[in-house]
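To begin, one chain is listed below as structure tokens, in the form predicted on its own.
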């Protein structure tokens, strides 16, 4: 018997107005081939489910402790003493043995303060479609639709492509937020069911790109050219990262490349670096490199927008 197709999702956000036109529902898929140290969703990088622990919500094992006895692998034990942020009372937190945890979720069901949660849930096509179709009135009223994001959603190509196809059968506008670091044939297949690509461009220098993200930018640039050549539409997104691509020269190079894509690029959106993702690395105990830097000022961001506009591009702050 053939196993039903499933996709691994780590979040679904309704009433999204930042991920394409109108009011949208954004579905975030697990797994990404890039390991950007400024990633604001590090829980999106690994494909496998992960246990996240929010210390600020934990009320201590003396008051609760329900998670300890339910773990079938004994991965939870009494941890450090600290002060409750709200009451000032001394409490003992939980310690997680990541080498033993298999993210089964038993502890999350016992944790009533919701300090523990699983990042990564399997959805069937039927279940995920039912969820996003609940928001259809918002799409119809606002000219919105559904955005698939990640991670890298095309890291799960069979499920995501079928999902996009089903959405188009329902007459729903689709947007695909992608790193572009996927095989060209997957992009070719996505073109048939994608109204708008939210396309990430980070750096034109291949060596600098690889050093920071772990992958070359060659495939990313080639796929951008492919989308443009097939008549696809793109909103190019550029995260502006200190000491990586925040110079005039780096942004200008990206702008010149966008110009080469012609009418395919509707707008270039500059996204200023922020450090809100740092705490998420701690929640999942991600040992990868993490960037902690001073975000660019609004004045600096507006200067970069003006630089792109000076090249003849439509550019905005995102």
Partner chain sequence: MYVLSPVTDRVAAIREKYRTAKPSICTARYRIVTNFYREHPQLQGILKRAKNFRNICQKLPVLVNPGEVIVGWQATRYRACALYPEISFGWFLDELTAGTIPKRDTDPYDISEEDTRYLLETGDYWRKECLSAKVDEYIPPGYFAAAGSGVTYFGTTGTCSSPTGHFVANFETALRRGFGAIRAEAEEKMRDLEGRMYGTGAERYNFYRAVTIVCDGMITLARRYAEECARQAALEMDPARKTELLEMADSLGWIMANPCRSFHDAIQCMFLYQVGLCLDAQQHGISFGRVDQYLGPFYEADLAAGRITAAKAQELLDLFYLKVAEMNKIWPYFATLSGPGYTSGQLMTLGGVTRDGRDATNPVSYMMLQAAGRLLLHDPPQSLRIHKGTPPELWDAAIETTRIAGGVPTFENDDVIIPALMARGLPLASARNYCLIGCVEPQGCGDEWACPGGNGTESFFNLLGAFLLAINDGHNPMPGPDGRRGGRVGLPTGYLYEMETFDEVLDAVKRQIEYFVGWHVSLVNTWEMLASEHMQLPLLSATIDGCMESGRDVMKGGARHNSTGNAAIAIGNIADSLAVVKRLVYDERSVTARELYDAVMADWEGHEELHQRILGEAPHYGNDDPDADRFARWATDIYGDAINAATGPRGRWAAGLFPVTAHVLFGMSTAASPDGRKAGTPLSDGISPVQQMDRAGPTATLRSVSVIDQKKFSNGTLLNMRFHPTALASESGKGKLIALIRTYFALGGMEMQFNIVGADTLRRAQEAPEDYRDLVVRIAGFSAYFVELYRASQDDIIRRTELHL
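Numbering follows the first chain given and starts at 1. Keep in mind the model is a prediction, meaning the values are calculated, not measured.
The next section is about a form of this same protein that is not shown, the form predicted in complex with its partner chain.
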Just to be sure I understand the contacts: of 59, 291, 34, 284, which is the one whose heavy atoms reach within 4.5 angstroms of its partner chain in the predicted complex? 59
Note: exactly one of 98, 141, 225, 210 sits with a heavy atom within 4.5 Å of its partner chain in the predicted complex, namely 141
182-190, 72-80, 111-119, 164-172: which one contacts its partner chain in the predicted complex at 4.5 Å, heavy atom to heavy atom? 111-119
Check whether residue 135 has any heavy atom within 4.5 Å of a heavy atom of its partner chain in the predicted complex, and answer yes or no. yes
Should residue 301 be classed as touching its partner chain in the predicted complex when contacts are defined as heavy atoms within 4.5 Å? no
Taking its partner chain as it sits in the predicted complex, is residue 305 near enough to touch it, meaning that at least one heavy atom pair lies within 4.5 angstroms? no
Can you work out whether residue 297 and its partner chain are in contact in the predicted complex, taking contact to mean some heavy atom pair no more than 4.5 Å apart? no
Within 54-77, the residues having any heavy atom within 4.5 Å of its partner chain in the predicted complex are 59, 63, 66
